[in-house]
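One chain is shown next in structure tokens, namely the form predicted alone.
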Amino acid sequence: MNLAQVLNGLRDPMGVPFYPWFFQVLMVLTFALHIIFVNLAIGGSFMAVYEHYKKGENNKRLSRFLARSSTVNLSAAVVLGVAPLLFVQVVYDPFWYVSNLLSAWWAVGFLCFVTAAFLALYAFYLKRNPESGMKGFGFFGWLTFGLLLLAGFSMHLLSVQFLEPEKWKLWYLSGNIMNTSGTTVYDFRISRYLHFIIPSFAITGVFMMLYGWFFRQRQDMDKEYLHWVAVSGAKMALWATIIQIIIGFWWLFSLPKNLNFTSNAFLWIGVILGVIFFLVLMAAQKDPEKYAVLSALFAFLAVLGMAVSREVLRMVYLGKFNYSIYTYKLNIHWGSTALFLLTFVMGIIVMAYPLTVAWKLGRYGTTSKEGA
């Protein structure tokens, strides 16, 4: 039996309850939303602790804001991360489960890293102020950042092993001895890893631009402070994007040449969206508040283009083994599908009201400068 037969034989014999393309579209969309909040959590936690050690009052205020918002962004990242993970398990189950078994400790460790990052982030957020009487809590900010990087490393490790089924047997067997420790790092690609980490600072920079734009109509907010935050965010976003472009091409040219991915149309659509985002950021340097919303829009489109390109590349990788999600056995179950869609729509409706209230209170309400 060849590898293609093995991979297709590992599929769920019950098949999928609805059309695979439906899960794929939702997987890409939810992954794009998830990775944006991951970027905000990573970049926000770093900038919160970095600004914490600065002496300026603006730096301290920005640190307080980013520390508080990072707790929300990390929560959103975790919640939104459930969806793409479930969709991966539905249509790519042979690859995901084997990868998790090969490095089981890293798969379980991911949950531990994220949980510990949550606790460290709250320790930094709640106890870092001088009024608390507690000193040295900047350490917990750096710990949060490090743990989030470690969690990203775990996901990177599992995702790379996912794409290399031809190596599974070699990894699992060392001579005649089976490696069942689950602790081994079988493959690590620094360019791919950085390709997901560096955008954290670009997305966080855009977030800071939005902060300046969002609160500028408030009478109780310091306009000079808001402009300083927006300008700082625009600069950080621009330089992070420049670095990301360099790393992106490094990653692209490190791909196996037999994939011919450099000629893939979806890749270049993503590249074009990234270039447009970069041009918008260049224009935003003069008036970051004016370009904040446009920058956020193209940041999302660039991330979405990356998510689409990532999924297309995964299909190209697995196409070498005659594996296609579109050939998965179809066993339509209208009841569960309808329930899923109904729950999804109802969730949007339920969340619309508190989000609308939060928007109006944040934009027009009265809060203290300490909380801003």
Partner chain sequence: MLYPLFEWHGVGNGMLMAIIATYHILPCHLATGAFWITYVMERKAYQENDEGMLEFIKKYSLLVLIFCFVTGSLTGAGIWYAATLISPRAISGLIHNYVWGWATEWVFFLIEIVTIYTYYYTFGKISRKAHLRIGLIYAMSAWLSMVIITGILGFMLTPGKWSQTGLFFDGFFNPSYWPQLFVRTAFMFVVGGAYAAIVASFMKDPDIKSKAMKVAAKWGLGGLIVGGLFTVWYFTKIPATAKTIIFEDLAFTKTMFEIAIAAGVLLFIYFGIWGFMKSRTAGPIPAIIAMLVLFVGICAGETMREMARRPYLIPGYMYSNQMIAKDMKPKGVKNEVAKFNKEGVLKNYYFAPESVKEIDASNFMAAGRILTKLECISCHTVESTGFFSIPKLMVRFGASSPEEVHDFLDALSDYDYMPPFVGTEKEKRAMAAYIASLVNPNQKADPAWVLGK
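Positions refer to the first chain, counted from 1. No experiment lies behind these values; they were computed from the predicted model shown.
Absent from the display: the form predicted in complex with its partner chain. The rest refers to it.
The partner is absent here, but in the model of the complex a heavy atom of Leu126, alone among Leu301, Leu126, Leu238, Leu163, sits within 4.5 Å of its partner chain.
The partner is absent here, but in the model of the complex a heavy atom of Gln89, alone among Asn264, Ser191, Thr184, Gln89, sits within 4.5 Å of its partner chain. Not one of Trp21, Gly138 and Val271 comes within 4.5 Å of its partner chain in the model of the complex, counting any heavy atom. Of the candidate stretches 106 to 114, 229 to 237, 209 to 217, 288 to 296, only 106 to 114 has residues with heavy atoms within 4.5 Å of its partner chain in the model of the complex. Interface membership of Asn58, defined by any non-hydrogen atom within 4.5 Å of its partner chain in the model of the complex, is ruled out. Remark: Lys223 does not count among the residues lining its partner chain in the model of the complex, judged by a heavy atom distance of 4.5 Å or less. Although the partner is absent here, Leu80 is a contact residue: one of its heavy atoms lies within 4.5 angstroms of its partner chain in the model of the complex. Among residues of the shown chain, Arg314 is not one whose heavy atoms approach its partner chain to within 4.5 Å in the model of the complex.
Shown without its partner, the chain has Tyr328, Lys329, Asn331, His333, Gly335, Ser336, Thr337, Leu339, Phe340, Thr343, Phe344 in segment 312 to 345 as residues with a non-hydrogen atom within 4.5 angstroms of its partner chain in the model of the complex.
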